[in-house]
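Below sits a lone chain in structure tokens, taken as the form predicted on its own.
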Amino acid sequence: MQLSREEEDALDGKYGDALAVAYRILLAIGNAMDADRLVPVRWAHISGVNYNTIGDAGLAFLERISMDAVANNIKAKVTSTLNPMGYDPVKGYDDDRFVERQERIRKAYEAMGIIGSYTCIPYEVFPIPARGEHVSFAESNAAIYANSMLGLVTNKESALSALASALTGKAPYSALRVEEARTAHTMIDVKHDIKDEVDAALLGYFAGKVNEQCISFRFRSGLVEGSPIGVDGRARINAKALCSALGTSGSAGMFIINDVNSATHDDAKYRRRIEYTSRDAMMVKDELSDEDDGNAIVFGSPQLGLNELGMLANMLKGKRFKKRCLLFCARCVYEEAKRIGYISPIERAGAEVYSDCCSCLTPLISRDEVDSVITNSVKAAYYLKNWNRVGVCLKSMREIVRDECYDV
């Protein structure tokens, strides 16, 4: 991979160990993926923030990089944001050891000029660069959403590569950054109706197992007004659910909507065509949803945005949850939702609203306290089953409110 003189100097340690390590990471990835150069990025979104994710070894590495960066006056060169951590620091958590290590992670990142956003939906929180701009997103749902819905360009980065991009402002020109790779060779013909966010997520989980970088979806009616997948309102919620599930089950980094009404529609360009039927949807749901009920309700993986909070607040007017309900959203989204008036009906209904963390890999949901949970998130279902070791009952938000609330 070709480097400029300045990049070579940084790699050789001229500007300190932190920048040298960042360039070594990018060079190793670039050489492994046949990149011929580095390209500038406008934004880096970094995962590896939750102590449960990186552990003591990750914390030690991060503190070493952060201390060297501070010593050499190295700060993030582009807008750089952080994924959720493991707890809500305002509400606190009763494990002092966990909190102490989580706070050290937070301080290490923020010392490098990285914004303490603690959200997995940065595309709903920060200004979006122009279409075609390169970004470096490590959160899988955000990377897929950026590529597929916003016209940005990113690979599904790792925590390390996104941090390296934050410190250098660059990323290897490889995989989905190359225009030729952003073409789908497999088309999934969606025969099952997408009625809500769970339907969209089941489709995403099914498609992720195809294990291709880019996948095409063809819906019965194509991408027209009222489509189940889009960038506004209910369609945006469905798109977000699809992206999160697609990133959970496989390696896909983007999808394309194949409009059956388009004059350029051409099945011949696909090597494979796979039908997705109601039977397939049921098989995926059976894999993820193994309970008929749960001891607690969980919303927020990815974290809920203003759209979902507004919809939930409207559904909950005059209602109260029958059991414990945990809801996760970004801090800035919570503050805006509170200003608008969404939070009051949600909290009056008995929901506990947590910020700066999410339902994935959280210690807030323990097998010691619950046997199973009810959620509308396929991503949450996957991690709650496989990491928290609790049973899962998968239902849409509307179904949860209908079945798990009483009138007051």
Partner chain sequence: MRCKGIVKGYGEGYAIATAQPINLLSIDSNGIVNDSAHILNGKSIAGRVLIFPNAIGSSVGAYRLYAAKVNSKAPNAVVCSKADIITASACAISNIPLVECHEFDMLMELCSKRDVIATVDATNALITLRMEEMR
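Just so we're clear, the structure is a prediction, and the values are computed from it rather than from any experiment. Positions refer to the first chain, counted from 1.
A second form of this protein, the form predicted together with its partner chain, is not displayed here; the remarks below concern that form.
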Pick from 278-286, 161-169, 180-188, 94-102: which stretch has a heavy atom within 4.5 Å of its partner chain in the predicted bound form? 161-169
Would its partner chain in the predicted bound form be within 4.5 angstroms of a non-hydrogen atom of every residue among 31, 34 and 386? yes
Consider residue 400 of the chain shown here, and say whether it contacts its partner chain in the predicted bound form, taking contact as heavy atoms within 4.5 Å. no
Do residue 25 and its partner chain come within 4.5 Å of each other in the predicted bound form, heavy atoms counted? yes
Just checking whether residue 344 would be counted as a contact of its partner chain in the predicted bound form - the rule being heavy atoms within 4.5 angstroms. no
Can residue 390 be called a contact residue for its partner chain in the predicted bound form at 4.5 Å between heavy atoms? no
Ok, 66, 47, 372, 355: which has a heavy atom sitting within 4.5 Å of its partner chain in the predicted bound form? 47
Quick one: of 349, 38, 365, 54, which gets a non-hydrogen atom within 4.5 angstroms of its partner chain in the predicted bound form? 54
